[in-house]
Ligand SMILES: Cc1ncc(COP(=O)(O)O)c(C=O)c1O
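Only one chain is shown below, in structure tokens, and it's the form predicted alone.
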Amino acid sequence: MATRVLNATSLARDLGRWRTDADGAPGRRRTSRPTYRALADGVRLLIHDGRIPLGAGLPSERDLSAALDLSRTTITSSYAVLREEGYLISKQGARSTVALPDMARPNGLLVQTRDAAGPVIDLSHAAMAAPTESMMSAYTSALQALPSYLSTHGMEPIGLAVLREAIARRFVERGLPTTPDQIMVTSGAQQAVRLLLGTLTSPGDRILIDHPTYPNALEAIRRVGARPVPVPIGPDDSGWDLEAIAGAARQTASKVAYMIPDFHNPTGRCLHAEGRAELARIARDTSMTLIVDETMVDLWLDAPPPPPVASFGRVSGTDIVTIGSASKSYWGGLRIGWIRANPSLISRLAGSRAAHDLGTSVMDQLAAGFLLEDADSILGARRRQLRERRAVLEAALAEHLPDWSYRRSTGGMSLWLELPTPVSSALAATAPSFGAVLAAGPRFGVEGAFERFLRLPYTREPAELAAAVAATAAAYRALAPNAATREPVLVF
């Protein structure tokens, strides 16, 4: 089978501002990192992010040299570093292909690098381990309920009635009247986003987003050929600049908006009730379909969120589309998501879904239904655990990185940290050698934004969080050895 070779121009684009902190970059502070090393770190970051697929071939030295306007000697040296560290595998007579170091574990949770003294802790994912006892109980109950479905074909494009009823009840409990025919079950929230974008948009359409935002939603927007229109999350209490959202909606004629008002990923912000009403009004006035991502809504830590945004809509809130998920609240391996929308849109989505799959796993749907029956008990324990780990992460940051600032998340799973220097991508590329895998700020933005930011989740065990922050601090000191230290900046 022929090796897929990456396009040099595409790789240059994906690398973004990799030269920002390389030695000799014009107009920038010089550091000890030479250009070839900075390029190797940039490529390594793309590999860890999954943006360079394993087994692919890197562009030829000549092509990449031309695309980046560098000497071939620099490209040769960068490739040599990647080869030495195990990120390129060379075979005689064949092109070098992308790999992970031999000691990398396939699940990405623990990666051993040459330079690290111990296991590398993955902080690139905001996800918790499963509540084992509850999960086992739910699947045991699902297995007992399964026989009554075995006489059917088992394919339900909009989901099992029993689960749609349970999801609808959860909306009703939150003050939003909902019927099962307004619910479609999907294989995770990510499939819900893809289905909605594929049904509601066409290539070239503009989609309004809060900025930063969920990286996989950005990727879904790109894959349908649409154009994201970012509106920044502001520093004030509300976070969302509603006036800017209204202006952007009018000026760009965006057909769709994708927003995360409930414990926003990655900032952890929560939009107040007045802002939700205004957001719904903006969508009505501009004839824009508002997609509200509620995947974090159950993970409030300081206070429950206001009523759902859809409760401020018209026609029982079905003019506003809502996405939910069991994956963040319960377990990432439980690929259950849902869409709440007008029944007519649900029918359209079911027709579109046939091109992707014919329905979600019956066992997973049954298990999710049993988890929802015991939701309050399970989620209460999850929130307590997250509060404790948030405190651990904050204490570790105060000890090791006191010059980093952040606003405490009121819910969700992560802190959005502002760095004193714009080295987020370089830090994420360097950190594995010190013991941590990080998600760089630009992953959450458009066109290389957020080099001064980093998302750190508080979902790992306390000891792992403390060790990962210490490793991150060591990597940061290697990149910014002269960074000033001062009292930690915590914004309430």
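As the structure is a computational prediction, the values presented were derived from the model and not from experiment. When you see a residue number, it is the position in the sequence shown, counting from 1.
The next section is about a form of this same protein that is not shown, the form predicted together with this ligand.
Only one of 200 to 208, 157 to 165, 275 to 283, 328 to 336 places residue heavy atoms within 4.5 angstroms of this ligand in the model of the complex, namely 328 to 336. The closest non-hydrogen atom of G188 lies within 4.5 Å of this ligand in the model of the complex.
Within this chain, Q365 is remote from the site of this ligand in the model of the complex, having no heavy atom within 4.5 Å. Taking the partner from the other structure, this ligand in the model of the complex has a heavy atom within 4.5 Å of a heavy atom of D293.
Though the partner is left out of this view, N265 does reach within 4.5 Å of this ligand in the model of the complex, counting heavy atoms only.
The contact with this ligand in the model of the complex, taken as any heavy atom within 4.5 Å, belongs to I260 out of A310, L371, I221, I260.
Residues of 373 to 398 are not found to place any heavy atom within 4.5 Å of this ligand in the model of the complex.
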